[in-house]
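The chain below stands alone, shown as structure tokens; this is the form predicted on its own.
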């Protein structure tokens, strides 16, 4: 007897409740891209560490235009002037170079006239003008990046500026991707009668890697009870998270659920009020998370996006990020499913206010081209009749 369908929200809650953050490790900053910080990063020193010039020009005392100043030295980036600045003097300075002792401002070189070792100021310059003060960007011991931050290019730059050479990050989750079906063939392999290419394998591996996992190559499980159990047993031993595509329904060749039960995996739900993605399965063995996703490619991508991706983020302790606007207006009317929430693949266009979401072609769970060029999933609540164009709906970011 199939279990009652649960809502998407309840399914997500059951997943997150069973996630335990993985242990941390140290990596070089150069290896930190897309990793998740496991502890706060604090600045080791002020940034910048000294008062520096914001432009090429001359370090001077603040004052009026029309002054005649003697040039007594130069301060270059990496080679500060050893001399202190006195009244009636100027020191040539480069962008980023240390402001000499005694100087209170920098006048841009285009605002001076040079003559015989002297400059004449063509503009007034105020105290602190064109000077980057020590600690203006970051103060020593201040928090630069919070634990749970996923590290992109800007974060890595800030970490280095703050004095970090290594970062404490969460270990990447080990992911085992398995696809079931005797009909599946490798990319480019000639197809026999009733056979198809295994498009789910590269998609699920790529999505796992995009979410920070270490997936390697996907395995294939034949429609055989002993082969299914052997493949799942191996995956459970080596992975933090197992993703199985197909074989979780009730057909005579669907061996995944009984195999998982024999291997001691506790079922936490089977069946979500979602279209596509109704037969999604989730369970745990000790700390290992196991997801049984539908075999149709769009269903696999939708359920990975809604359930597996949040689990991978939580395993790494990542703070949820929302790069997408949360709502959009429907560009066309959509027929509702009486019992299940729909996840439409949509394109987003800018309207007068909110973005406008339009279905990205046919929405069948087998239509992989509905993913091409799609920007998001528009979540259509269950009900009768049609949800009219202009209705505001919730969006979920569509991984790619």
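Numbering follows the first chain given and starts at 1. The model shown is predicted, which means the values in this text are computed figures rather than measured ones.
Not pictured, yet referred to below: the form predicted in complex with adenosine monophosphate (AMP).
Undergrad: Among 179, 199 and 245, does every residue place a heavy atom within 4.5 Å of adenosine monophosphate (AMP) in the predicted complex?
TA: Yes, all three are in contact.
Undergrad: Given that the partner is absent here, state which listed stretch (130-138, 292-300, 266-274, 113-121) has heavy atoms within 4.5 Å of adenosine monophosphate (AMP) in the predicted complex.
TA: Of the options, only 292-300 has residues within 4.5 Å of the partner.
Undergrad: If you check 184, 145, 314, 284 against adenosine monophosphate (AMP) in the predicted complex, which one has a heavy atom within 4.5 Å?
TA: Going through each option in turn, the one that passes is 184.
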